[in-house]
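Just one chain is shown here, as structure tokens, and it is the form predicted on its own.
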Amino acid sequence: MINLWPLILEHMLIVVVATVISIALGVVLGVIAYWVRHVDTVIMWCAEAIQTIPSLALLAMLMIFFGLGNTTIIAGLVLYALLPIVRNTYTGLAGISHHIKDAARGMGMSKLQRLIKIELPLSFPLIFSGIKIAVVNSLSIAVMGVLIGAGGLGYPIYRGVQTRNLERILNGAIPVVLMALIFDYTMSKIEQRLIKRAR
């Protein structure tokens, strides 16, 4: 009988680290796309192009640079999480009323002050929605990490496939599904509150 708790904790740690990095990178890229004209098309195209790469192929390419282990799967999860975060950040910022932006300019706020004090707070519900999508996707994609020597719940699934043992496969798959459902439900409730507060 496999002790699943260490694998669950390692799986969660991989997803959390990847999510933190992808939030920082995704929001910055979303802001750049919002601020710099014509760059938005390039950034969005790159983020969308990454999504079209099969996960196994992407991990194989990343393994050349990062080697075997958790670093490679974290890098892969960061790249896959960029699209929803970048897109929602850009959409949220671009969708703010011009009247609000003009009022902030009239108060003498600089571009950076408007971003931090007005635009990002108003855009946060939509940004949070992108983060939710990234987290739920990362929980399932992280299972692929076992193929490049990473830890987590991919191990019992992979061993179950090798030995044709349904119980082992379920031992890895069920916790992933439950975590995804719990995170999706919890973050959806938080998202609803954020939207109500923003209104």
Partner chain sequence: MNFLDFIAGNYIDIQLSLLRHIELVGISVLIGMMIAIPVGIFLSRHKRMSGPVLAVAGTIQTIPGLVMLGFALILFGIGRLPALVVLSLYAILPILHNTFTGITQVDQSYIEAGRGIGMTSRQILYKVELPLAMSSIISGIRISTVYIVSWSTLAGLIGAGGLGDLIWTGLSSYNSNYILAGAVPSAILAFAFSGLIGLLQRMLMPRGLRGVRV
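Numbering follows the first chain given and starts at 1. Predicted, not measured: the structure shown is a model, and the values here were computed from it.
As for the form predicted together with the partner chain, it is not shown, yet the points below apply to it.
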Please tell me which of Val135, Ile43, Val31, Met144 lies within 4.5 Å of the partner chain in the predicted complex, judged by heavy atoms. Met144
Check for me whether the partner chain, as it appears in the predicted complex, comes within 4.5 angstroms of all of Ile21, Ile116 and Leu122 - heavy atoms only. no
Given that the partner is absent here, does Met187 sit within 4.5 Å of the partner chain in the predicted complex, heavy atoms only? no
Does any heavy atom of Val27 come within 4.5 Å of a heavy atom of the partner chain in the predicted complex? no
Is it the case that Ile131, even though its partner is missing from this view, gets within 4.5 Å of the partner chain in the predicted complex, heavy atoms only? no
With a 4.5 Å heavy atom cut-off, would you call Val39 a contact of the partner chain in the predicted complex? no
When the partner chain is considered in the predicted complex, the residues of 141-175 having a heavy atom within 4.5 Å of it are Val143, Met144, Val146, Leu147, Ile148, Ile157, Tyr158, Val161, Arg164, Asn165, Leu166, Ile169, Leu170, Ala173
